[in-house]
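Presented below, as structure tokens, is a lone chain in the form predicted alone.
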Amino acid sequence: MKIARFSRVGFILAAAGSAVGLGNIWKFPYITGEYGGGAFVIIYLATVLLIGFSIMIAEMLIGYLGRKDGVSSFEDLAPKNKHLWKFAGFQGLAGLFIMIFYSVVIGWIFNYIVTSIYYLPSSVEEAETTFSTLLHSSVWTQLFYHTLAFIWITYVLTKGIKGGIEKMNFVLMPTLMIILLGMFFYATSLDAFPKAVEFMFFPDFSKIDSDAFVVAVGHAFFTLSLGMGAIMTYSASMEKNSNLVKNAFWVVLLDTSIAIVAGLMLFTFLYQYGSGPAKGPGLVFISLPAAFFEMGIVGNIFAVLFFIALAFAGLTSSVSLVEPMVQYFIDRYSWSRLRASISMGLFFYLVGIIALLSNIDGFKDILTWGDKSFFDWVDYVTAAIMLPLGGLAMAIFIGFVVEKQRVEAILKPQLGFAFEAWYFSLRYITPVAMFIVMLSLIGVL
């Protein structure tokens, strides 16, 4: 049977779709607001180039050489201790666990697409009340949209690499970019645009502390979809003789460009119609809808378009979060794609209901342990432990376990004189950075 492979453009769009998610359009702007703008952006961009790009090449290499699910690829490529290294491939569980709350958040976005057609809050206070009502009281609304997200994602997975994942990204990724660019060009016509540019590109290092470095590294890793097996699994279906470095470059460029464009656009709107750069997760669901209200009917149109773009970003990355474990059950247990897709979909959907209920009044007390709800615990464990461990495993595996000659044979013709610098970064800079991030996020440092 002929194995389905991505076309080159299809792979780049799928990998970029995996990387471009809620982290770019939602999280990047609000953490940029929290850490003072330009100085944080500079640290973030440096982190993406020095650490994110290095790990992405390594993750692509594992998938490209292994040509199987993550567990089998690690097992096959390890020269010794194969029975131990196969456990590194279970980083695909991180993506599946992320989907537990990610699907719920996509449900919130679906809800905002619909409500923005006819209603926008007239103030930040009203917007905060609206979002709080959705989060803490509207169980059936959340459940309905969470179910829609589950159906969409699972259906695309059942259609496979070519007919599902590539086809979806061929439609959603260009549409996402057109919507964002259209809104961005409108933003450039507003008086507040120079303020947004100044905020994002003129650094004030007095607002930077050690936390900013940790957040920048962690976010660069999360937004590039690294450490969860997604890029590795997609790379297993890459065409033969593909240029991994060029592919990684295009994915990083698209991912970073969309984050910058989204940040400039959102900060322009907030300066023009709101109270300036908003801090915290409420930027998209609280501050921005209130700013859209000030635009009049144009604001309703922009709000709908923005939340559609946000939903597309979430859906393209969601499919990649689940695909590693789908491929694992197909390769290791000979499950049909239909069975594997539905099983993994039902897992994140049913456990996602628990995450959803953990924010609802009347349920959250019994679904909260310590200072975190079940929703927050899943977010915390994946971000603070599972993703850094996945990145650490890949850096050590390619840097110290797989024979250097095998790595050189593929990457030296593509990297040229930069190969040794990349290899050094992968072996010594990246593991230390990931270890520090993990220790910081779990509160040891």
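Predicted, not measured: the structure shown is a model, and the values here were computed from it. In this text, residue numbers run from 1 along the sequence as written.
Omitted from view is the form predicted in complex with phenylalanine (PHE), to which the following refers.
- A single residue from the set 267, 102, 375, 145 has any heavy atom within 4.5 angstroms of phenylalanine (PHE) in the predicted complex; that residue is 102.
- Only one of the listed residues (341, 256, 320, 359) places a non-hydrogen atom within 4.5 angstroms of phenylalanine (PHE) in the predicted complex, and that residue is 320.
- Within this chain, residue 233 is remote from the site of phenylalanine (PHE) in the predicted complex, having no heavy atom within 4.5 Å.
- Phenylalanine (PHE) in the predicted complex is not approached by residue 169, whose heavy atoms all lie more than 4.5 angstroms from it.
- Using a 4.5 angstroms limit between non-hydrogen atoms, residue 222 touches phenylalanine (PHE) in the predicted complex.
- Contact annotation: residue 14 falls outside 4.5 Å of phenylalanine (PHE) in the predicted complex, judged by heavy atom distances.
- The candidate spot formed by 70, 72 and 238 lies out of contact with phenylalanine (PHE) in the predicted complex, as no residue has a heavy atom within 4.5 Å of it.
- Heavy atoms within 4.5 Å of phenylalanine (PHE) in the predicted complex are found in one stretch of 283-291, 312-320, 188-196, 131-139, which is 312-320.
- Residues from 6-29 that approach phenylalanine (PHE) in the predicted complex with a non-hydrogen atom closer than or equal to 4.5 Å are 18, 19, 21, 22, 23, 24, in the order they occur in the chain.
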